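In what follows, one protein chain appears twice in different forms, each by itself as structure tokens: structure 1 and structure 2.
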Structure 1
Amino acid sequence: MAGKYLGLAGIALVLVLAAGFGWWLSRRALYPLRPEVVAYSASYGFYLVAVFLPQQSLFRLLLPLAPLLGDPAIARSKPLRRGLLVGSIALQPVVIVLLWFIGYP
């Protein structure tokens, strides 16, 4: 499916994302979230890859992975947690303009 939209680059992108997700979940830092939260997140990741097309709703569909934000590595690193927060806030108006006025579903 990825190949249909972006060719080989699309396939590579999906593989890189999947590998990155697997790496994130297998890290030692996530041990406190094992087994339930990690197992659930991995299953939900598989489900998204298996069932959904690349579409605007994809980012909304990532919301159920919110428990992974409890990764202690995020709260431990000041630049990381601040960067994520500032980045999120900065993206809010961008996303609103994109989804509510330009590329609305």
Structure 2
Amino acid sequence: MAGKYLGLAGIALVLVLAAGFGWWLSRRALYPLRPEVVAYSASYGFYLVAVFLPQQSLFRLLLPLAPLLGDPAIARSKPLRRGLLVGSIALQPVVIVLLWFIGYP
């Protein structure tokens, strides 16, 4: 779907996001979260990339990845937490336009 709307840049974006997710899961900082949590998150995240298209319930589908937010790098950094919150709120209009006007749910 990313290739349909963004061309080669969309495909590159998906590959970069998948590589970044893999890098994030392989960091030493996630060791306190237990191997089971990291392994489940990895398998579930790559399953979502392989099977699901963006839709209205994307937030609901990403909730099982919430334990990854226990990453100490995120928990210690107030600017990072605020940036994630502001970025999430700022992207809501983009999501609405993409889901309701360009790619109908």
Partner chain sequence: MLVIWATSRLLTTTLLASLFIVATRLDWNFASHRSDPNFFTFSGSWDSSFYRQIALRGYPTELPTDVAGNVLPNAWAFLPVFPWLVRGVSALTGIEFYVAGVLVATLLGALAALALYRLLSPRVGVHSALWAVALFCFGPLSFILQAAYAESLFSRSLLALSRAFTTPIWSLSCPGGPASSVGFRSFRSRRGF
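Basically, rigid core = biggest C-alpha set you can superpose within 1.5 Å across the two forms. Numbers follow structure 1, counted from its first residue as 1. Note that the structure is a prediction, hence the values are computed from the model and not measured.
- Source of structure 2: the form predicted on its own.
- Once both forms are fitted on their core, a CA shift of 2 Å or more is seen for Lys78 between structure 1 and structure 2.
- The Cα shift for Gly20 between structure 1 and structure 2, taken after rigid core superposition, is smaller than 2 angstroms.
- Comparing the forms between structure 1 and structure 2, the C-alpha position of Ala9 differs by less than 2 angstroms, with the core used for superposition.
- Core-based superposition between structure 1 and structure 2 puts the Cα shift at Leu91 at 6.5 Å.
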